[in-house]
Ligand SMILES: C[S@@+](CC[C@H](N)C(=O)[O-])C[C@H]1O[C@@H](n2cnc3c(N)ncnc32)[C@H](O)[C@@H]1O
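Quick setup: one chain, the form predicted on its own, written in structure tokens, and binding and motion questions come after.
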């Protein structure tokens, strides 16, 4: 399947400036198919690898309102976080939710920021699909360099697939989900526009290859329609 390149979306494109925390959390859980399921899988994998009292170092790319980080912190109260978002609105929401203890906030584009501290786990949920495909490849290389040996990258996102008929069916099911689960006409227009014109989905097959090329082993922990959770482990 030939992949289309798009310019990366900006916070203004994504309407982050007018989202309150509660509204955004409600909307994204409703609009993204299997949002809860990929979070359940993320926590299951983290619990499988790390002790609950362990002071793991976690980098989250695209923290949003802090929803994912709050779930991880509840399971690993001694974890140290570094979290990034390119939206000042989202980062302000995350600070209100997560506070300032054992956490560092960074405002900016995670594809361009230089990170230095080795990580036990890098987390990215529904954010990397906005990058160009070359940007995704470069980011995966950067993540692999950050991970400690045996460290993991949990990558939950919207992805397409190499088979064009399967890709078309998955996209149709995604739009059907939006029609069924968005609560207002305005929300449907926003999220359908987002998916059609702002998302830049790469195939799961290519992204698995890019992660392997970066020096990781790769496993699919969840895959249904366009929603995929990949586990990449630093070799």
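Positions refer to the first chain, counted from 1. Bear in mind the structure is a predicted one, so any value in this text is a computation, not a measurement.
One more form of this protein, predicted together with the named molecule, exists but is not displayed; see below.
Participant: Could you tell me which one of 94, 158, 147, 125 places a heavy atom within 4.5 Å of the named molecule in the predicted complex?
Facilitator: Exactly one residue meets the criterion: 125.
Participant: Which of these residues, 103, 119, 131, 72, gets a heavy atom within 4.5 Å of the named molecule in the predicted complex?
Facilitator: None of the others qualify; the residue that does is 131.
Participant: Within 4.5 angstroms, counting heavy atoms, which one of the listed stretches 109-117, 147-155, 160-168, 73-81 is next to the named molecule in the predicted complex?
Facilitator: Single hit among the candidates: 109-117.
Participant: Contact between residue 140 and the named molecule in the predicted complex at 4.5 Å, heavy atoms?
Facilitator: Contact check for residue 140: no, nothing within 4.5 Å of the named molecule in the predicted complex.
Participant: Does residue 28 reach the named molecule in the predicted complex, with heavy atoms at most 4.5 Å apart?
Facilitator: Yes - in the predicted complex, heavy atoms of residue 28 and the named molecule come within 4.5 Å of each other.
Participant: Answer for residue 177 alone: is it within 4.5 Å of the named molecule in the predicted complex, judged on heavy atom distances?
Facilitator: Result no; residue 177 lies far from the named molecule in the predicted complex.
Participant: May I ask you to check whether residue 35 falls inside a 4.5 Å heavy atom distance of the named molecule in the predicted complex?
Facilitator: Heavy-atom contact with the named molecule at 4.5 Å: present for residue 35.
Participant: Taking heavy atoms and a 4.5 Å limit, what residues of 54-74 are near the named molecule in the predicted complex?
Facilitator: Contacting residues: 60, 62, 63, 64, 67, 68.
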